[in-house]
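Form predicted on its own, single chain, as structure tokens, below.
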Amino acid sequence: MAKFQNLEEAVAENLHDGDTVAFEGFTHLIPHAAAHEVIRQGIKDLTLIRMTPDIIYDQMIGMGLGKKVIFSYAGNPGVGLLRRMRDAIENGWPRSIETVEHSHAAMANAYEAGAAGLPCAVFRGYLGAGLKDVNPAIRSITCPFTGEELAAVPAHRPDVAVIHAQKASRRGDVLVEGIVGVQKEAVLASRRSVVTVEEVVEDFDDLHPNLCVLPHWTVTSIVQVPGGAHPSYTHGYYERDNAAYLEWDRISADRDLFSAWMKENVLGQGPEVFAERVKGVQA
């Protein structure tokens, strides 16, 4: 049953040292405010799952919170490298991290399997690909009905899923609009979930019945954080802050500059700043 909390409470109650956590949101609805709260609380030794690790994981890895990343494609979207993640992999700064790389298809199927309570995902993929040579979690099985060779990967079953969404109802149902990505599957696959939203409304009675709605019994904690996806966008609320992504490439290129930026803009700020940051990029 969903509980309405502030962000500090929701993160502290649901995420702990050593947990496996998925911060999901594809292109938009990336839960930056929640990630910043995790950084402020210093929750460490995390296994981080994400289809497209971008700035939030670059920041968490750069602050030494991640020990392992399970992912498909890592980069600053439209810009280039994740420089803090690369520094951790190549130079062990601020700590070494383990990486487990998959394809997008494998990640999506692994979430789907986890949401269904299955131990693994089975799909067509990786034939002729070299990734399985460096990732022992990618296996091949033979279909017992057709004899076809199929790929199999372990299901994603995070301790916690963290997502951002447009709306929550007073009952605790959550509405996700626009590009849905794997937010639904990530929440259903996880033992606990934290959902930040732009606004809380009375109900969804006047909305279209075919929308993506997570029912209240699938969600652990809900937090209203206007602007909580910035610098990514929230469909219907504000646009993507492209300048922030470009600026991150400069900031993250230097360890000292990165550390100073994080101290001023994350450690020294609360979630209320996100509403101010999106004023210049309203939809």
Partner chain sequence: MTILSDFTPNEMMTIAAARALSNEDVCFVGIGAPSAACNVARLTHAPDITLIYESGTIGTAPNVLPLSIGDGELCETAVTTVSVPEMFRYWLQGGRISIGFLGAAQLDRFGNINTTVIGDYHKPKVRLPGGGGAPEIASSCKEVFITMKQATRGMVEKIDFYTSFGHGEGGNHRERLGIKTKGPTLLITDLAIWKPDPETKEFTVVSMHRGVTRDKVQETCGWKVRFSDHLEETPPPTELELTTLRELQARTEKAHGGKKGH
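Computed from a predicted model, the values in this text were never measured in an experiment. Positions refer to the first chain, counted from 1.
What comes next is about the form predicted in complex with the partner chain, which does not appear here.
Enquirer: Please pick out the stretch from 139 to 147, 163 to 171, 201 to 209, 98 to 106 that is in contact with the partner chain in the predicted bound form, where contact means heavy atoms within 4.5 Å.
Expert: Among the listed stretches, the partner-contacting one is 98 to 106.
Enquirer: Please pick, from A152, A74, A155, V213, the one residue with any non-hydrogen atom lying within 4.5 angstroms of the partner chain in the predicted bound form.
Expert: Flagged contact: A74.
Enquirer: Answer with yes or no whether K67 is in contact with the partner chain in the predicted bound form, where contact means some heavy atom within 4.5 Å.
Expert: Flag for K67 set to no.
Enquirer: How about Q41 - does it come within 4.5 Å of the partner chain in the predicted bound form, if we only consider non-hydrogen atoms?
Expert: Looking in the predicted bound form, residue contacts with the partner chain do not include Q41, since no heavy atom lies within 4.5 Å.
Enquirer: Looking at the partner-bound form in the predicted bound form, is F258 within 4.5 Å of the partner chain by any heavy atom?
Expert: F258: no, not in contact with the partner chain in the predicted bound form.
Enquirer: Taking heavy atoms and a 4.5 Å cut-off, does R191 contact the partner chain in the predicted bound form?
Expert: Because no heavy atom of R191 falls inside 4.5 Å of the partner chain in the predicted bound form, the answer is no.
Enquirer: Do any residues of 160 to 186 have a non-hydrogen atom within 4.5 angstroms of the partner chain in the predicted bound form? If so, which ones, in sequence order?
Expert: Heavy-atom contacts to the partner chain in the predicted bound form: G178, I179, V180, G181, V182, E185.
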